[in-house]
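Let's start with one chain on its own, the form predicted on its own, as structure tokens.
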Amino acid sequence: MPVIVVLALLVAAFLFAPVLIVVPMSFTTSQSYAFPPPGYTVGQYVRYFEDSTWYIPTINSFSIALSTAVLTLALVIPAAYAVVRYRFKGRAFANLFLITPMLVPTIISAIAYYKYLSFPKLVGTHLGVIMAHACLATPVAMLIMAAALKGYDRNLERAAMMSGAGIFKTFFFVTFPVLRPGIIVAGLFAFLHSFDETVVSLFIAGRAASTLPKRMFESIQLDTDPVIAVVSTMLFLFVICLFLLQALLRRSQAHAA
């Protein structure tokens, strides 16, 4: 067996090893971390769905991440158009300004967002968390959209306009379909960045807008609740289901073609 294959298998085993620990722990009968579990039950899953301190942050995380993705795209798409398509004074500074949040340590950003959002009393609200997460997700989404626009053939737009299509009709029927993969990827990265973000949420989420990563961090810090293994297992299964869905969609498209 080639050495590169052996190394790949070792890396895969190293990455997959935590799953072999977390999944059995989610079915434990113990009320604390214990591996191997002394017994097996679905009681921890029942506790997760009955405990509002767990399932409400989960709902919050999905709603906040989805809203963050929408807000980020609403900001990034016109910004990327302006930076890539047009030449204006201060263009280089505007481009640098949009990716600045990537250069600042997250803890510094969290303190700044807490101070800034305190004045309009948005700390502890969903809107405040969404705004902060959108700022953090903007740099990566901006880079993705800029790359998509730089690889876009503008002759398609010129041909549509020469055929009589207006600006908006050209965008929705020509530009958007071509850029749709880049828009989807940018939105997905914004969603995942928001869903996985912990540090800023610890500062500004509060109790009402508590997110799942924040709740998991607090669980590790304050207690040894094995429900956190349930959450980890469910997130792992959610990712697996997404990959399977993508594979099924590609297979159906291949058969249709």
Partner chain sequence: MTKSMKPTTRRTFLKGSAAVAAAAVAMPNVITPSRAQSKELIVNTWGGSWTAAENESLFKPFTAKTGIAIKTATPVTYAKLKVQVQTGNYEWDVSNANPPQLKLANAEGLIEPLDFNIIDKSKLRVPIYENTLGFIALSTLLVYRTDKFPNGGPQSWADFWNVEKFPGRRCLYDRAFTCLGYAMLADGAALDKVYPLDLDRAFKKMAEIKKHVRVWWTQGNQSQQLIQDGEVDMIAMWSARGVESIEKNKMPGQVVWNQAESYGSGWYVAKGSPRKEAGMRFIDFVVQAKPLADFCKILPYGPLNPDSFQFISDEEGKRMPTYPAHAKIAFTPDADWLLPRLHDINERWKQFIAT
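Bear in mind the structure is a predicted one, so any value in this text is a computation, not a measurement. Residue numbers count along the first chain shown, from 1.
Below, we refer to the form predicted in complex with the partner chain, which is not included among the displayed structures.
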Self-check item: Partner proximity in the model of the complex: Gly43 to the partner chain, non-hydrogen atom cutoff 4.5 Å
Solution: no
Exercise. Look up in the model of the complex whether Thr224 has a non-hydrogen atom within 4.5 angstroms of the partner chain, and give yes or no.
Key: yes
Quiz item: Do Ser163 and the partner chain share at least one heavy atom pair within 4.5 Å in the model of the complex?
Solution: no
Self-check item: in the model of the complex, Val123 touching the partner chain (heavy atom, 4.5 Å)
Solution: yes
Self-check item: The single option of Phe27, Tyr55, Tyr33, Phe62 touching the partner chain in the model of the complex, heavy atom within 4.5 Å
Solution: Tyr33
Quiz item: Taking heavy atoms and a 4.5 Å limit, what residues of 173-207 are near the partner chain in the model of the complex?
Solution: Gly206, Arg207
